[in-house]
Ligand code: PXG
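Given as structure tokens, the chain that follows is alone and in the form predicted on its own.
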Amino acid sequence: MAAVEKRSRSEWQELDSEHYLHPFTDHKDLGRKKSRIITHADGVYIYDADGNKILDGMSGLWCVNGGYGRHELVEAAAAQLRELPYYNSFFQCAHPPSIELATRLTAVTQPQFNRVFYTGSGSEAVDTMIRIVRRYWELLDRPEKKVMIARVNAYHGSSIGGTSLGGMKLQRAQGGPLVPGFEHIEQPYWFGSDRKMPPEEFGRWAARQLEKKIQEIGVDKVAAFVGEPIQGAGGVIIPPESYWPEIQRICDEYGILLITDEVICGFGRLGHWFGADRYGVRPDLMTFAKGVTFGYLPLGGVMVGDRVADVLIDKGGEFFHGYTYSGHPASCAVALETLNIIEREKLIERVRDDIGPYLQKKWAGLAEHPIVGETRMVGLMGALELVRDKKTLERFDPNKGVGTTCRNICVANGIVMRAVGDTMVAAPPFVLTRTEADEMIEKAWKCLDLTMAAARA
């Protein structure tokens, strides 16, 4: 019997509707519409059960950075599964792939990082980071320093810890009470502000909300600040260049930990190994996942800086935390080959010097469209702001769901882009060619035309 049965599209849809609870989904709505069944993929394209070819402008979920059909990753997984399919990292055990990967990760991160704690996902990485931060201050006899500050509209996963740390209102409104000890400050979203300040001044103002919040809470209670270098699921919020240097200054001045959530930005998305490198900050911890395996197998982790790791090792005793799949050998083997591909094919340099600048220029041209109020992109991570009035930048009525309409139009016309409210975001694979970039922009413009017609109707 085959592992996956051959069925028709309608059969898959019925079984899906009857048995599969999807993430971040209105299941009643999906039951009426039925899911799109994705059957295979190659390069930067996915294909559905009806044979439609769709350019994946989101790299799966910000993760298939090397494109689909990477047989070397399949072979790396298969070879490891034949040799050692699984063993845990508990009970003072380890295996070669996890050790080799840890060594490689310390080579591509900043000098303060010499230790990694493995997880199975970005959400687990965030929960692990929270526990490490709190344990660190306990070991320094400062157990009252538990409050962690993040940002409004930040996404740090959907576990109870990640939801509590994150700042997404709708997500936080469900399933409470949340874990206490988390506070939020304004995000560095210049377009979403009143735009009365120039961007650089606004960036400093937004950063100084951290200082204001520390003083309000009391530095004796504040453990850390956590932020994505560029907020991804929040709408690709690219901070002004003045923002992160001011955040670094404040964390240094008040002695709190600085943590970058690199789940999306890490491993080349911004044309640098990590977002912290792009913005010149020196984090004490970094969470990662997604791009470390190009999404081919689940893997996440926390890079732990010496400031924290030395305390955990020298003073900590047993750290009562971990996961069954921490450092899974097959996932680590795939991650090792992923790093080989990134380095061998110079994908980070390609994003920084070649396809990134090319797509950025084309993307900026979408600002000429009548319903686009702003375009922005760093590396291969961009956003379009949809507006009702281009002159005043007045938004559409949020109840009309124009962004969702645009997203659906995009998929129906052969391109995947994501809607965050009425902000359209894109993050294509690093292997995107210039011809494919041109196709992406041509399809995006067509979909904006169709969205404008639908909104005005």
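All residue numbers are counted from 1 along the displayed sequence. All of these numbers come straight from a predicted model, not from anything done at the bench.
Absent from the display: the form predicted together with this ligand. The rest refers to it.
- Proximity of Tyr155 to this ligand in the predicted complex falls within the 4.5 Å heavy atom cutoff.
- Interface membership of Leu393, defined by any non-hydrogen atom within 4.5 Å of this ligand in the predicted complex, is ruled out.
- In the predicted complex, at least one heavy atom of Val263 sits within 4.5 Å of a heavy atom of this ligand.
- A residue is said to contact a partner when one of its heavy atoms sits within 4.5 Å of a partner heavy atom; Gln80 fails this definition for this ligand in the predicted complex, lying far away.
- Not one of Phe191, Arg388 and Thr451 places a heavy atom within 4.5 Å of this ligand in the predicted complex.
- Note that among 394-402, 32-40, 407-415, 61-69, the stretch whose heavy atoms approach this ligand to within 4.5 Å in the predicted complex is 61-69.
- Checking Gln187, Thr163, Ser123, Thr109 for any heavy atom within 4.5 Å of this ligand in the predicted complex turns up a single hit: Ser123.
- For the options Ala207, Leu258, Ala233, Ala76, the one in contact with this ligand in the predicted complex, meaning a heavy atom within 4.5 Å, is Ala233.
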